[in-house]
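One chain follows as structure tokens, the form predicted alone.
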Amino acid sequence: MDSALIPKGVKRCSIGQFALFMGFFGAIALWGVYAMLLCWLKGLNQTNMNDYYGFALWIWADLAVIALGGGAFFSGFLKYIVGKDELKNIINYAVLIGFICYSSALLILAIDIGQPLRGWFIFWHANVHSMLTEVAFCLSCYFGVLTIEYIPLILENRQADKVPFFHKLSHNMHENMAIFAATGAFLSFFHQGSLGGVSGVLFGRPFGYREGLFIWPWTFFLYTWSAAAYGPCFTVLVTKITEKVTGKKLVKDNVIELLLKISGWMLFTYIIAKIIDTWYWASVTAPAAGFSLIDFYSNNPFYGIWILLLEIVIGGIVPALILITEKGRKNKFAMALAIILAVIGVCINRWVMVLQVMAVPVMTFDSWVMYFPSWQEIATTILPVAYGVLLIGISYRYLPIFPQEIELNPIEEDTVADKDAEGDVVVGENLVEATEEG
């Protein structure tokens, strides 16, 4: 029965190996679900958050996965709006990764509010003066867009595709995917920006506060820019990890190099803007509030000046310089180093804009307050990771995610490959047909 669900023309591991893989990560997910239920049933006293840290590990994880999931909206923008047709061979995986990231973000928020049954309040009793209201609306709407983009892949499952209605629906959805990609890019621009705008308007927290450009603080644009720059790096990183785990080549090098070239230049321009922002903040904004640069950094392990160098130099300048050069992109070690450092860099950026904003003393009687998450916070933060691995495992096994897989991994004709009337291998017919037609 399992083999009948696997896409035609590809080979997968045995059901026993798959069950073992899923069981391991399923156990981790159950640990996270147990911690989540504790937070819901007993309240947020299960966490180590306090009056200083109203935003803590969960919100950092939330902002980090949203930034890393930016590869979905930016890849869709490049493929359907700009016309980079080569990206059709990785766009499905980018959508899947984006779907995982955004559903994880919504899950984290559901845990963070403490009373999920009242989660609908933000929509029915919206605070129209809050940037977080706009974030909630756009985040929910964009998750809906990602769901729409993911549905055709489900419908192209080997058995589902035999149903004429599903076959036609999948084909028609692919033909109109540019509309959803454009909508997703629009929604992502505003919710990514508003997440940055939240810290930018906190004039009582000088570490995060920024001057305005039109009606928005600079952080509004920096967050959107960084998500578009770093998100594709995460998409490539997960793709490479998947190739290592499966032992297969799934996407051609020219597709990866194109995406990384665009990401590299986005990263290069972003890091220049980030350096200018940091310089202006340190030399103008902070002194105007009575602070010097060193006041925002401490000798403790979490908030030393090293974190600024890690974010901008190691996590920004270094990967940008590697990715904008053809030599750097073609060198496997350099490319791997660049995408790993880039992912670390954007996670560090979100860390300091959530945790360090809270930690910096702003009153004369204040001091640096340390925070370490409870095991419940750690478990529920790991939960989305385990959930993501599970969904990737199921999708890779049963859905035609990678159009180039058969070409890159030829197998014996008389084993699992099926052929059409012309003798060509058939896999995900709707997907190949739709991507060729744009």
Partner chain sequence: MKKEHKHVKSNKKYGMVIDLDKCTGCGACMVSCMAENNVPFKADESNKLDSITWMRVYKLTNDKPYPDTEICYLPRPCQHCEGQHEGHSPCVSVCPATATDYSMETGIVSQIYTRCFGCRYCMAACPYHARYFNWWDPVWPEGMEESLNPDVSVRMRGIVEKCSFCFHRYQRAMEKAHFEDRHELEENEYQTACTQACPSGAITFGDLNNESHAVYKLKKNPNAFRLLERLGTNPKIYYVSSREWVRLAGDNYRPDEKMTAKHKPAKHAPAKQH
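Positions refer to the first chain, counted from 1. Bear in mind the structure is a predicted one, so any value in this text is a computation, not a measurement.
Another form exists, predicted in complex with its partner chain; not displayed. Remarks below refer to it.
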{"property": "Candidate stretches 315 to 323, 333 to 341, 361 to 369, 78 to 86 - the one whose heavy atoms come within 4.5 Å of its partner chain in the predicted bound form", "result": "361 to 369"}
{"property": "Non-hydrogen atom contact residue 168 with its partner chain in the predicted bound form at 4.5 angstroms", "result": "no"}
{"property": "Non-hydrogen atom contact residue 387 with its partner chain in the predicted bound form at 4.5 angstroms", "result": "no"}
{"property": "Its partner chain contact in the predicted bound form: residue 248, any heavy atom under 4.5 Å", "result": "no"}
{"property": "4.5 angstroms heavy atom contact with its partner chain in the predicted bound form for residue 163", "result": "no"}
{"property": "Heavy atom within 4.5 Å of its partner chain in the predicted bound form - residue from 141, 178, 154, 201", "result": "201"}
{"property": "Check all three, 11, 193 and 378, heavy atom within 4.5 Å of its partner chain in the predicted bound form", "result": "no"}
{"property": "Heavy atom contacts to its partner chain in the predicted bound form at 4.5 Å, residues of 16 to 49 in sequence order", "result": "40, 41, 42, 43, 44, 45, 47, 49"}
